[in-house]
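First, one chain by itself: the form predicted alone, in structure tokens.
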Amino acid sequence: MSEQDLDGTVTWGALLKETEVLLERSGKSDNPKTEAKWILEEASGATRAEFASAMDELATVRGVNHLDSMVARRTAGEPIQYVLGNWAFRTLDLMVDQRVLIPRPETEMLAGLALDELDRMRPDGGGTVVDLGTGSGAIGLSIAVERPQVSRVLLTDASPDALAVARANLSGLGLLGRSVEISEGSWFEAVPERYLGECDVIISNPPYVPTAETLPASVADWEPPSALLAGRDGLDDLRLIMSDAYRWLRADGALVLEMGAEQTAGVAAELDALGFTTTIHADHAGLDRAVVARKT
């Protein structure tokens, strides 16, 4: 931005156009116009409803400084979600940064599958849900908000940094988060003994990318590798979860897992061999993305 921007004589609308040009020139944005609008909303403090009228107002020094910082980060390739510091997931507006994975649409579908299983088992409310490897808390917090009658929602993660983000997101829920507990540890090591055989739904979006796989720079350079990579075939963490889930679930309880499209058939076969009844579910792009396994 120019020195003139700091004099309080330029409108947010003029800065919007300049931001769009900078994003387009950088080649880092697939949709410079939309991203420029999001960045200006954040910098100006305007809500979506206020945005059009706010563009005629003069920019503040503080707002321009914030805008410059966000534009520099985005044109350097940092994902727009981290630049903004928040991202929508189902009904939630979540805080996100480089300590956690960016919430994605396929994981919204996974949360929906978990809700379906909870409704099947507890049509009148109640029940216990465990979100293993919660990251930002997106899945478990969505369940707590969309099913306020649930008895308990346990969020776990081995990363204290990730749990700090989950706690921040939980604090924004107020009374809607009253059913939520948070526990640190690796997979079922974080689950208190009192949950043994009592879980209605266990859900996880674990690391499932093979270590040798080449990821896009926007992912590999910014998102936490511990939340992405899982051994030679990408199944290390999935196998740990599958091997122990049966004893934590109550009768007819469900394990709901996200994974890569090429992994679903093999995971379903392993779960069938462990005594589950499985179904494979496609995401919004039509790719196999999740396995739901019911304890029989």
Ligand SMILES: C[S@@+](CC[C@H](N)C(=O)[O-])C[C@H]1O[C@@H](n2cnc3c(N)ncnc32)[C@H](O)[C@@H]1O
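When you see a residue number, it is the position in the sequence shown, counting from 1. This is a predicted model, so every value here is computed, not measured.
Another form, the form predicted together with this ligand, is not on view; read the next lines as being about it.
Among 173, 168, 219, 158, the residue placing a heavy atom within 4.5 Å of this ligand in the model of the complex is 158. When you look in the model of the complex, the only residue of 98, 226, 86, 211 with a non-hydrogen atom within 4.5 Å of this ligand is 226.
At a distance of at most 4.5 angstroms from this ligand in the model of the complex, none of the three residues 91, 151 and 177 contributes a non-hydrogen atom. Of the candidate stretches 115 to 123, 179 to 187, 142 to 150, 71 to 79, only 179 to 187 has residues with heavy atoms within 4.5 Å of this ligand in the model of the complex. Remark: residue 237 counts among the residues lining this ligand in the model of the complex, judged by a heavy atom distance of 4.5 Å or less. Contact annotation for residue 128: none of its heavy atoms lies within 4.5 Å of this ligand in the model of the complex. Shown without its partner, the chain has no residue in segment 40 to 63 with a non-hydrogen atom within 4.5 angstroms of this ligand in the model of the complex.
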